[in-house]
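The form predicted alone is given below as one chain in structure tokens.
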Amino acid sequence: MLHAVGALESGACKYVLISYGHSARSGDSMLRMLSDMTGDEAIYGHFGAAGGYALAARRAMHEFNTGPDSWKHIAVGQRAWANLNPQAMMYDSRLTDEGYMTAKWLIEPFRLFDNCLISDGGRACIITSVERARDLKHPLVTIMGLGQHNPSGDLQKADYLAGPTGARIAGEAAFSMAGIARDDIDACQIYDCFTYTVEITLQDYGYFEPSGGKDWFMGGTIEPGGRMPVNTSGGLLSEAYHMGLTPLTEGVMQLMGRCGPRQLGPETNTKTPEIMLCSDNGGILQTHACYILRRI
């Protein structure tokens, strides 16, 4: 996104296509990445992205008093959104608190539904100038604020494993550029490779204090009808894994009013959105981008 905006602002081009496509489910490239057993870490039985995030989540259970009692609200809440999304891989699959808690362990402390999907498919969005976009058929969605922070390029060099992550500084930069406060955000589309990623990202954005996630998520906060909808397509956990394009494109489509049964507003007993926060994450919580979008 930052590169796209830079290219447009410099006059190097008039349109930028940001896209992602992968045959991760039917091919084996994603599996090979997730189960890489080479290098120094593998000697100690640690390999793959799931292992890194599991270590971060385990540390967070100690530091932030979090755990499955908090994460179940994220998994169940996002599944409720997926059940309204015919394109979601989990559209016909319901999930309850009991179903979450009795699911098999994948890598402790993560159960099956704490982990994102592996999907075939792709996403794309086009960025252009406000002047050009005014002539297009959909409502205009503008970029209000951008922020990016990369605490470390390598998990072994990270100062913090559980958090704070790059979300804290990236979020501060995006809110400063946009000139708004957290209370102005109508919904969030958070990169959710694991349930804990959602919690620590929102914590670093300042939505609750450390150890406050369980109370914040309780009572259907992020679900249809909740006061702060999160990952309204089902997200990476319950719709499809298309990296950072899953949250970004959902944010744009929601602001354009193109989301059908899951559309924020009267359809889902939520506020009609004007301002949306989207995030991207990588490097096992070591890289982060924050975007604030607005419908005009």
Partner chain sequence: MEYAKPLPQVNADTRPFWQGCRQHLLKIQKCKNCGLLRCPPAFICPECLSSEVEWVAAKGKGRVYSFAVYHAAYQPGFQDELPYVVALVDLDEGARMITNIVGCDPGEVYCEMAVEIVWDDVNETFSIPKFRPLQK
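Positions refer to the first chain, counted from 1. Small disclaimer: the values here were computed from a predicted structure and weren't measured.
Just so you know, the form predicted together with the partner chain exists too; it's not on screen, but the next bit is about it.
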In the model of the complex, the residue from I185, A158, A133, M144 that sits within 4.5 Å of the partner chain by heavy atoms: A158
Residue among D154, D97, D215, D92 with a heavy atom within 4.5 Å of the partner chain in the model of the complex: D154
Which of 241 to 249, 262 to 270, 62 to 70, 228 to 236 sits within 4.5 Å of the partner chain in the model of the complex, heavy atom basis: 62 to 70
Heavy atom of E209 within 4.5 Å of the partner chain in the model of the complex: no
Contact flag, L55 vs the partner chain in the model of the complex, heavy atom cut 4.5 Å: yes
4.5 Å heavy atom contact, I107 to the partner chain in the model of the complex: yes
Close approach of D40 to the partner chain in the model of the complex, 4.5 Å, heavy atom: yes
